[in-house]
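Encoded as structure tokens, the following chain is the form predicted alone, with no partner shown.
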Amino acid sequence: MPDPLLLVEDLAVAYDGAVQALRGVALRVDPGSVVAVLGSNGAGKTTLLRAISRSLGDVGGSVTAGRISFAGQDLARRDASWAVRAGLVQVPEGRRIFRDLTVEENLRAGGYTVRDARARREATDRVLDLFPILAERSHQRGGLLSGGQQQMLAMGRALMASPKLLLLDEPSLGLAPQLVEQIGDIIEQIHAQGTSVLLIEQNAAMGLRVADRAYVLEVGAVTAEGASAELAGTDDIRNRYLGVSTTSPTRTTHEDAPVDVPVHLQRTSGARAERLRVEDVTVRFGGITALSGVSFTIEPGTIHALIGPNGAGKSTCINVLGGAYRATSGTVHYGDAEVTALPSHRIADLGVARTFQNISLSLEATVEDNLLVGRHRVMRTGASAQTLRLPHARKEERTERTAVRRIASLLGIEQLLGRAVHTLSYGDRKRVEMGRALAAEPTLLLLDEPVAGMTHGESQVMADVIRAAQQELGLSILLVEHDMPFVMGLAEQITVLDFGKRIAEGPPDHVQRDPEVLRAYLGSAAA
């Protein structure tokens, strides 16, 4: 075998000297290859790239064991600037371009370390050949580009340094469906031009299509590796990304025994779950169609999952249901009320609560105060009475704090009530956000990636909590989640989106084996 371009040996990484993010990770990237690292949110993929690119220290991380070498050089004694000059360049997650600089200025910044004028001109020609739209928008500020164009600019800026190895962190994340395939094609072109690529991806279909070899990372450790074509067809990978072999003790039906929980939640009103009807909803952003004629129904008191690869349109759909986005056409009804054009606070008044993919909490406030925010929908005392601390306001506050403690106990965060949110781990913050949504006593709960970033054990606990809350409050739940074993063990009905369209619907055992679902997640060969 040739000497590897990149070699990671028995790598361990910790944050703040305590939180273990990676343990015993080993991988190699040979010259002229594309290697994919797959895994769900929180698996440690971004931490791995930070360790390789020498940027761990910026976020409080450090390598505690193992070795990383690039082109035969031990990176332990090298900093990020040396790595870039040596040909190791990263495109970070989230398209972190210079928003106030023009496209041309962003590209010039990427070639800053290249001293040879001819090499810079050749790099510019290469980038504009790969991304013609950047030539058309050369004098436009980066912040005014679309999401897909910003991703192209971020990749183009990295290519200006003529890297030997390009590190790509979730290049398809958050892109409109039509652009995901295009990004995969561009990665193949970059590889064909002689640049090796280490690709971090949740989109298994795209990652396995463009890569020669793949590694699966789970909770900081490599759990599978091999040739991409072989991994795509294994039961192990199908289970990880589609939950095909899952048998979960948390999965129940209406006829099964209820989940045994020590805490019982109570409603302050007789509100009941209604049927949610999504009918022929289409959403367009400019010339891009994010959802196209999507329809599904959530029956009262059931758990319904909405799944699909990155860019399938899941977040767009849940944002329409919660009132953050407006549908271009189609209707959404919750019971007898049409919510299609209602603002988000009016939808919340109907009993709809949600969590967010990116945690949205008051970081400086305590856990208890964050949960109390959710109680405002059911509180009767006005702001003036609360400010003046009138007797009836103080009495209601005591009642609400009792309700908050019951929710915290259900979620296993009662001991954290007095702590500021910014001091909590990611998994605990996810539980706080779930608690805030439950505090509003919803009849319909929209959960956007509720276990993203959690360990397997934490995910199992969250599954029990969701089922318990659903049974205690008679909730309807719409679940958007990438963790397929979690989804398959919890949902009673599943709708599958791909490229903004519904491609399958039915109970878990039906969609797990649907050829279109297999193609969307794992590629045509697996299907």
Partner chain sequence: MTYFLTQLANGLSYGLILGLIAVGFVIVFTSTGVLNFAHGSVLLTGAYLVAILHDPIGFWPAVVVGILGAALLGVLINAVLVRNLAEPNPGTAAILMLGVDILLLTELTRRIGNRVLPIGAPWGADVIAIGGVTLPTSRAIAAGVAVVVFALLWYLFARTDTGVAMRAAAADGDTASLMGIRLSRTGATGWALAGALAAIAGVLLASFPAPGVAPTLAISAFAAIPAWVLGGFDSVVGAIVGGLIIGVVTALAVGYEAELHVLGRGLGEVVPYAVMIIVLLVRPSGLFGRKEAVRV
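Everything numeric in this text was worked out from a predicted model, so none of it was measured. Positions refer to the first chain, counted from 1.
There is another form of this protein, the form predicted in complex with its partner chain, and it is not shown here; the text below is about that form.
Interface membership of Gln90, defined by any non-hydrogen atom within 4.5 Å of its partner chain in the model of the complex, is confirmed. The closest heavy atom approach of Ser81 to its partner chain in the model of the complex falls within 4.5 Å. Proximity of Arg120 to its partner chain in the model of the complex: non-hydrogen atoms within 4.5 Å are present. Taking the partner from elsewhere, Gln460 is found to have every heavy atom lying beyond 4.5 Å of its partner chain in the model of the complex. A heavy atom within 4.5 Å of its partner chain in the model of the complex is found for exactly one of Phe131, Tyr325, Phe296, Tyr334: Tyr325. With the partner omitted from this view, the residue of Leu144, Ala135, Ala227, Leu101 that lies near its partner chain in the model of the complex is Leu101 [heavy atom within 4.5 Å]. Contact here is defined as any heavy atom lying within 4.5 Å of its partner chain in the model of the complex, and by that definition each of Arg50, Glu105 and Arg115 is a contact residue. Residues of just one listed stretch (24-32, 53-61, 485-493, 66-74) have heavy atoms within 4.5 Å of its partner chain in the model of the complex: 53-61. Legend note: Cα of Phe98 to Cα of Tyr325 is at least 3 Å closer in the model of the complex than in the depicted form.
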